[in-house]
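Take a look at this one chain, the form predicted alone, written out in structure tokens.
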Amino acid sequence: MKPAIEFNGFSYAYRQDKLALNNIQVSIPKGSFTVITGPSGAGKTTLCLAIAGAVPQYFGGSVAGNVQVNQTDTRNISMHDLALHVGSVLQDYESQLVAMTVEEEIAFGLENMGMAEHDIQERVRRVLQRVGLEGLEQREVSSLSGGQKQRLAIAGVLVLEPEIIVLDEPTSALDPQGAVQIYELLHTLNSQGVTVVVVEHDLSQVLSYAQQVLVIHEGKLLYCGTLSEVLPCMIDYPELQTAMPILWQVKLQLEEALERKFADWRSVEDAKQDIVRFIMQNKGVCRSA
């Protein structure tokens, strides 16, 4: 399968004296759910900006290597045209809200595309329902809470129906229930073929969905792989341990103590079943001992 996104020896510096990204070499498959994690200042946001073409088109700076989206170098396509394929939700989500009301904000991109009014209204209605903002169509954007604004920024991207969605900490202003709702929506879109790339500090939020995990540290790609390939390696870095799900911290400690491997735990239920299975398999051993 051809990749949706490719970083080919990509290095970038906002200023000449410091690399924000250093020789990134990674491929993100089409239709995958990829999670980017790492400590603050590691380069995660810059990675997202590079996928959207804002680095270097908007921010300038120095570049080596390239980033390709659908096999096109992002420097060879305008940010406007790239946005038809890549929808981006920024970490500073409020900065991408431009309209007066909720309805106007979501319709803005569709109007720029010249879509018919009836089709715009239908798409706006659907996406409002999906992000939990139905009934707020006429609310002024300035009157919304932080969580509602974050949902609105996500809605403004989803309504364009891009084939790739890049979200930089998309649930930072949401309560736990709201975060679950957004990730369930992203999971649904992913199951329909949309490539999802998410920056997340707390990997417990994405245990159920992550197919590939990228760990960025000091501008470099430290690890890339599945949960079982990446999470055990993160435990060796104190600055990465805060991103480790408690469930997996328990899992790794049990594996070390019991000298056996458990399956990938994506939920508490997975952990329960695995532990019960282990107990039942070793019942006779425990009795004879």
Partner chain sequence: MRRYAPLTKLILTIIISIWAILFDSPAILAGVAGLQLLLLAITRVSTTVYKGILGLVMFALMLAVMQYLFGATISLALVTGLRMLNMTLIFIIMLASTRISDITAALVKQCRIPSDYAFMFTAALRFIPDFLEESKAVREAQSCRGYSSRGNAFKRMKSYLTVVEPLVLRAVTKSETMAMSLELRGFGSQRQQASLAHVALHGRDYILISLTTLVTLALIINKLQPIGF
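Residue numbers count along the first chain shown, from 1. Just so we're on the same page, rigid core means the largest C-alpha set that superposes within 1.5 Å between forms. Note that this is a predicted model, so its numbers are computed, not measured.
There is another form of this protein, the form predicted in complex with its partner chain, and it is not shown here; the text below is about that form.
Shown without its partner, this chain lists Leu254, Ala54, Ile235, Leu247 as candidates; in the predicted complex, only Ala54 has a non-hydrogen atom within 4.5 angstroms of its partner chain. Note on the partner interface in the predicted complex: the residue among Leu136, Ile77, Val180, Met100 having a heavy atom within 4.5 angstroms of its partner chain is Met100.
The chain is drawn here without its partner chain; in the predicted complex, the stretch among 236-244, 56-64, 219-227, 35-43 whose residues come within 4.5 Å of it by any heavy atom is 56-64. Mapping the unseen interface onto this chain, Pro170 falls outside it, with no heavy atom inside 4.5 Å of its partner chain in the predicted complex.
In the predicted complex, no heavy atom of Asp202 sits within 4.5 Å of its partner chain. Of the heavy atoms in Gln121, some are within 4.5 Å of its partner chain in the predicted complex. Interface residue remark: Thr188 is not counted as part of the site for its partner chain in the predicted complex, having no heavy atom within 4.5 Å. For a residue to qualify, one of its non-hydrogen atoms must sit within 4.5 Å of its partner chain in the predicted complex; none of Leu174, Val197 and Leu207 qualifies. For the partner-free chain shown, Gln138, Val141, Ser142, Gly156 of 135-157 come within 4.5 angstroms of its partner chain in the predicted complex, judged by any non-hydrogen atom.
With the core held fixed, Gln138 shows a CA shift of 2 Å or greater between this form and the one not shown. Closer approach of the C-alpha atoms of Leu185 and Gly146, by 3 angstroms or more, is seen in the predicted complex than in the present form. In the predicted complex, the Cα positions of Leu185 and Ser145 lie at least 3 Å nearer to each other than in the form displayed.
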